[in-house]
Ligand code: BES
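One chain is shown next in structure tokens, namely the form predicted on its own.
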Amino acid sequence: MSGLKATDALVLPLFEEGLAQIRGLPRGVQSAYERVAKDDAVKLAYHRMVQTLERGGINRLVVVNAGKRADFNIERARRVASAGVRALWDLSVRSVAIAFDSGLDDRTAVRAATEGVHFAMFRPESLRTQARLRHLPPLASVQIVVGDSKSLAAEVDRADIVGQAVNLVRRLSNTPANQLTPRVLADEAMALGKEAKVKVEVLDEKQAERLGMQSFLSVSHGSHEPPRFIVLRYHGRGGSGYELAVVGKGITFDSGGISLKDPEGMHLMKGDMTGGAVAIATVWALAKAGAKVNALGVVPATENLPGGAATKPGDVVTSMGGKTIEVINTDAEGRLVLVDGVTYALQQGARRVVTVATLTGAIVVALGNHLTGVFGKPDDFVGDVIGASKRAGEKMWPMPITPEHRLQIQSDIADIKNTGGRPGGACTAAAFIEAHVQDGRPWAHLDIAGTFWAEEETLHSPKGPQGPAVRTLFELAESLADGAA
């Protein structure tokens, strides 16, 4: 392990089969590593152990259970790095080194470790008044040590940007709804766009009205806070059109409207704009990385509240695409804002569209809190998205939209209704969006309702916002670089 500099802490994996074969460890560190490996506790799933060393230029050794060597992939490596850094939260640590001997190629190892460090550095307690309870002291240096000494600076830079983008989503999703209204979210997008040289436009309710966005605007009627329709444009390739548009649900608070939610857990609906945050962060990351792709981000942002002017169950509105929609349930509002976002993206020349939303509780019932559901058409584009998720190390699963699901959302009085009832709820929600994807352009929908938030703390992540889908969408967009058809 040539090139390892003195550091406050060194993070190493421990496999079920035994020690990682890491060459060049100082003798005292190797001895401590071997002693830890004999401790039965560290062999338990998801366990980690911190040893104080003060030898060999390394003050602490952090050993993290990495499972079976054959299962060690980019996501497992990322979690090892994150768990190792999180073990140091309450200690005086300014520098960390992470080393893998895992069978991963150097590029993948560097990416996993860098992103894992960023993931570990996010603290959800940003509003606590005691500084010691709010922040992990900033790291002055991070070493990623791999077997090959060739330069991997570009990969580190890429992973650094992606890690920042994931934490951007987590920060926005974690911000209380009284501090992140649609107008504040638009201001955040403007500031991020200026930083990354992304063109940002913000349409107010009058402009949205002129464009015929009645479906989007219908959700905002119960709130005193005005809606905002946020558009981010990045032209990394140049020329016209966009290889990819990401349309994200931007409901900054969702009470359910007139179809009021159960109060239990409603406080988490501050994060119902996570899809919108994903759209903003993805375009920002592509611009910061200088990706040779044109990307469009669309965020229909509004609150969904009850009120005297609120849309009522049974009302009929007309979408930007010209479809009449019977509103059966005002808590099925995310799809109402998304369809106008999809129509706008298609009119702006998007060749492919991905919608991202905390859309349905039904996807949580189907897949639990560990996988994002993926819908779409045609099958090869859905396959592209799933492939990108595997390369990025995010768990996603393909879901169906059948003719029977489409029948469930047929309305007796309008073109379509916004819910088909409880059976197959995630599928009928996707079918509703699908009905607004025109011209046969490829479309995929990511239902992140199960993956946007964690109710329990783990070794690699605090409870709270998780920032899903950014890594996958960045990977997908990169694969479309240079104007791929």
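Predicted, not measured: the structure shown is a model, and the values here were computed from it. The first residue of the sequence shown is number 1, and the count goes up from there.
The form predicted in complex with the named molecule is left out here; the points below concern that form.
In the predicted bound form, which of 249-257, 70-78, 154-162, 319-327 comes within 4.5 Å of the named molecule (heavy atoms)?
This holds for exactly one stretch, 249-257.
Which residue, 190, 91, 362, 121, has a heavy atom that falls within 4.5 Å of the named molecule in the predicted bound form?
Among 190, 91, 362, 121, a heavy atom within 4.5 Å of the named molecule in the predicted bound form occurs only for 362.
Exactly one residue in 358, 82, 355, 282 has a non-hydrogen atom within 4.5 Å of the named molecule in the predicted bound form; which is it?
Only one listed residue qualifies here, and that residue is 358.
Against the named molecule in the predicted bound form, would residue 335 count as a contact residue? Criterion: heavy atoms within 4.5 Å.
Heavy-atom contact with the named molecule at 4.5 Å: present for residue 335.
Please tell me whether any heavy atom belonging to residue 243 falls inside 4.5 Å of a heavy atom of the named molecule, as the geometry stands in the predicted bound form.
No, residue 243 sits far enough from the named molecule in the predicted bound form that none of its heavy atoms falls within 4.5 Å.
In the predicted bound form, does residue 272 come within 4.5 Å of the named molecule, counting heavy atoms only?
Yes.
At 4.5 Å between heavy atoms, is residue 261 in contact with the named molecule in the predicted bound form?
Result yes; residue 261 sits at the interface with the named molecule in the predicted bound form.
What residues in 444-465 sit within 4.5 Å of the named molecule in the predicted bound form, counting heavy atoms only?
Heavy-atom contacts within 4.5 Å come from 449, 452.
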